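Before any questions on binding or motion, here is one chain by itself as structure tokens, the form predicted alone.
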Amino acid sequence: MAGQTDHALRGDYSQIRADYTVVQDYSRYSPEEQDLWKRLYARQSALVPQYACNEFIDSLNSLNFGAGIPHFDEINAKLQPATGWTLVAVPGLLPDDVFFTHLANRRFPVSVWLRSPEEVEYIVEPDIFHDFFGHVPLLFNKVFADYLEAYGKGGVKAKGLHALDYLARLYWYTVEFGLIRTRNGLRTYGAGTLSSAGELPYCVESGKPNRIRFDLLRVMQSNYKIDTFQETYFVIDSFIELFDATAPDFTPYYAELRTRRDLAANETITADIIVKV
């Protein structure tokens, strides 16, 4: 979701509007940044056929934005008619309430800055490559797009119920690092894995992490790591499952979760259904 970081925020917040959006000043992208985008895109697009879900692959292929940093307006001309979503340019991480409000209104915030060449392998804070390559293709999938809207509306409500930590875990373990069972085996739909050269194969092939059948309350009990590959992934059967999971009122869920202990990122419990690779 909006995220937390201990270092100074990246990006220029001096020109933000009231909703934290900015203009995507395309002229500011240097030739070096355009070249870096092309390298990042080529690297990840070569990996996704083996590890990403078909919905992501099909959308990525139809967009074909490997020639340079995308113009948001050009993508919106395709995205808005497809699912009613639009991309909005932002300087970087957003306050929780701002982030949720954008999602609840089918607006997806995309950071305008690009990482440095030294951050090709790992970046602490989401940049335009993570936000665009990882998230935008699935915004063209109606069911997943509806899930994100429902999540945003739930986030607006959760803030008033002091339950944001639970919602952050749900976002992390689905939108950022979720796995899905397909006829071709386990695949990922999470933006955090899809935009990472190292974690993309790891999440599907490695024998180290736990892979646990998705259960809403179990997910919201679970802490996560922000500075290493994930120690646990949760597996869904379909995007419909995600949408259905967010349909009920979460208020009683939050009450139940407050009676349960938090689980460590690498922990398994007796009730877990372990998914084999």
Ligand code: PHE
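Residue numbers run from 1 along the displayed sequence. As the structure is a computational prediction, the values presented were derived from the model and not from experiment.
The form predicted in complex with the ligand exists for this protein as well; it is not shown, and the discussion that follows is about that form.
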Only hit among F239, Y51, Y233, F250 for heavy atom within 4.5 Å of the ligand in the predicted complex is F250
Heavy atom within 4.5 Å of the ligand in the predicted complex - residue from F108, Y147, Y166, Y173: Y147
Given the ligand in the predicted complex, answer whether the residues Y151, K157 and T246 all have a heavy atom inside 4.5 Å of it. yes
